[in-house]
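Given as structure tokens, the chain that follows is alone and in the form predicted on its own.
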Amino acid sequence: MEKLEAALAKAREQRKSALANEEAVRERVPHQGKPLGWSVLPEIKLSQGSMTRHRITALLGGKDATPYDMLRSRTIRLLREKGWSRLAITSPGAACGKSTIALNLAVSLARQRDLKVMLIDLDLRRPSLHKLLDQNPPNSFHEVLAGKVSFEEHARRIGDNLVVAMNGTASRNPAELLQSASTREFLDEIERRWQPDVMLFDMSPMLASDDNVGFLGNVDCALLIAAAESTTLANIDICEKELAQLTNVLGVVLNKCRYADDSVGYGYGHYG
């Protein structure tokens, strides 16, 4: 475990060093540091009926969006305090609703027009973001990571300030792909060229595979999504401790609360 923690710490330092070097280059040659215009990406239109059916209630704001707007505000505050931009969203097991929360959070963030947001599906074994968006992508983000498709060809835009990267199929080698140095370098390149304010990563469940172990050193922090009445306290504890060894734990969110107290708005876990 000590060797793993040392390797993750080294990876974080390499990422900080690489970004610092890129920033120095941009200062010397300003025109090379200009972000690419997001309007060049194809736009997908969201149907209100479809989004309601998939429980994407943050789209239009209002009472139904309140839980996600509260999560958005707390997330933005913590990210800004720490100077972070990359947030992974995971869960102990399947069916906790992490992808639904990831998309709702992305949509809520994007309703703040001064923020540029990217949502990337990295649950490469059972991708679901495309289903929530009623999309049938011609290619998958894991093909982008493998160098078969360019990011510009693959990515889609929702409005002016939200970009999504989806997977239409599962990857044959998700763990190897996510843990590769080329993936780390590619994410750094995306951040450099497109300059998002927030990057959200919908990850696979913690207890389902080893996909997250080698990847979470590439993000600044993580949210753990637990499902009321199905996720055990023991699993939450195990996953929170493992997350803390891999990255910073932003918080735990309790989802699927049937008996939430309306007087306080939403059932949260604890934060940072």
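As the structure is a computational prediction, the values presented were derived from the model and not from experiment. Each residue number is its position in the shown sequence, starting from 1.
Quick note: we don't show the form predicted together with a small molecule, though the next part is all about it.
Of the candidate stretches 182 to 190, 98 to 106, 139 to 147, 111 to 119, only 98 to 106 has residues whose heavy atoms lie within 4.5 Å of the small molecule in the predicted complex. Taking the partner from elsewhere, every residue among Ala94, Asp123 and Arg126 has a non-hydrogen atom within 4.5 angstroms of the small molecule in the predicted complex.
Contact between Arg55 and the small molecule in the predicted complex is found at the 4.5 Å heavy atom cutoff. Remark: Pro205 counts among the residues lining the small molecule in the predicted complex, judged by a heavy atom distance of 4.5 Å or less.
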